[in-house]
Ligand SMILES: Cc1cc2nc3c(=O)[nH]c(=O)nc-3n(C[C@H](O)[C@H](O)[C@H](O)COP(=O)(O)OP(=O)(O)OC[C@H]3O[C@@H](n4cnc5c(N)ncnc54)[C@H](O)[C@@H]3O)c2cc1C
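The data below hold one chain only, encoded as C-alpha cells and taken in the form predicted on its own.
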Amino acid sequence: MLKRFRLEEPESVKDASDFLARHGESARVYAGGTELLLVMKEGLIQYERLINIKNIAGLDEVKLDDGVIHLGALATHCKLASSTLLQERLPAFVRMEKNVANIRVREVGTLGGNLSFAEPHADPGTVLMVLGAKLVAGKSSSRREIPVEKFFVDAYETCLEADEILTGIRVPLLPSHSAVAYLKFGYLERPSVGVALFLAVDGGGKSIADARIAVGCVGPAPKRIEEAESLLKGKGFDEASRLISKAGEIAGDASQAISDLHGSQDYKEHIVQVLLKRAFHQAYGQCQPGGKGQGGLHG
C-alpha cells in the first residue's frame, strides 16, 4: 500500500526544477508512474513529494525540425507507436514502442519516464543508442543535450543533476542506404537480452559504410560496443559476415552481463552473439534495393 505523500503540480520546467532543488532527495518527478508507483507500493522506496509534470505544456510533442525528430519526454509509448511522422520517418522506433512491456504500461508510461527511471530491463535506451540520439535536460537556469551513451550511469541511475528534468529526445533522421534492427529475447515480461544494430552501406550496397551496436537488458545499463562496430566498418558483406560472430563475442564480453533471474552471465553473452548475427543479416537486407530502407526494424 502506498504511504501518504504530497503531490505537487508545477506548470513549467522552471517550477518543477525549483521544487526539486528545494526538497532534494525527499521529492521525485512523476509522469506516467508505471515504474515509480510500483516500487513505492512495494515499500522499496518512499518520497514525501511527487512532482507531477504532466501539466507542463509542450512536453509530449512529436515533431520534425531541421532534419531532427524531437520526441517529447511526456509522449506515451502508445502515442509514439501511433505517430504518423514516426511511422514514415522512423519505423524502427515505432516497432520497438509497439512491443514495450504491455498495453497498460504503453497507455500511461512515457518515454522520458522510462529513460529517467533507468530500469535495466528496458528497450528504448538500447535502440536510441544506435540511432545517435541526444537527450535534452532542463532546469531553472539552463538546458543541455546529453548523448544517450553518457546518460545511463548504473541500474536506476542517470547523469541527471538533482534539479534537472528530462524534457525531450532528439533523433537525427537516418541517412539513405541504412537500416536499424532491434532483437530481444526473454521468457519473463521484461526482456533478458536486447541487441540493437544500425548499418549503413555504400551506394552500391556492397560494403559496410558505418555500424553502431548497442546491448541492453543484460546488465546494469545499455551499452554501446564500439570495438565490435570497428570490426564491421569498411568491410565487404562477405568479410563482415565472417566477422560477425567475432563481433558478437566482443559485444557479449563487453556488455557487462550479470547473472540474475533472467539468466546466467554466460547464457546472456551467448544470446547477444546469436541476436547480433541475426540482426546483421536483417539490417543488411533492409539496406539493399527493394528493402524497407531507412529505419527498418525487426524483432
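Throughout, we count residues from 1 along the sequence that is shown. Computed from a prediction, not measured in an experiment: that's the story for all the values here.
Note that the form predicted in complex with the named molecule isn't included here; everything after this is about it.
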Margin query: Tell me which stretch of 221-229, 173-181, 197-205, 98-106 has a heavy atom within 4.5 angstroms of the named molecule in the predicted bound form.
Written below: 98-106
Notebook entry, point to check: Does the named molecule come within 4.5 Å of a heavy atom in each of 113, 124 and 166 in the predicted bound form?
Noted result: yes
Next item on the list: Considering only heavy atoms, tell me if residue 117 and the named molecule come within 4.5 Å of each other in the predicted bound form.
Entry: yes
Check: So in the predicted bound form, does any heavy atom of residue 33 sit within 4.5 Å of the named molecule?
Finding: yes
Notebook entry, point to check: Does the named molecule get within 4.5 angstroms of any non-hydrogen atom of residue 271 in the predicted bound form?
Noted result: no
Check: Though only this chain appears here, would residue 29 touch the named molecule in the predicted bound form if you measure heavy atom gaps against 4.5 Å?
Finding: yes
Check: Only one of 86, 129, 211, 73 has a non-hydrogen atom within 4.5 angstroms of the named molecule in the predicted bound form; which is it?
Finding: 73
Margin query: So the named molecule isn't shown here. In the predicted bound form, which residue out of 160, 146, 78, 94 has a non-hydrogen atom within 4.5 Å of it?
Written below: 160
Notebook entry, point to check: Out of 178-201, which residues reach within 4.5 Å of the named molecule in the predicted bound form, heavy atoms considered?
Noted result: 184, 189, 190, 191
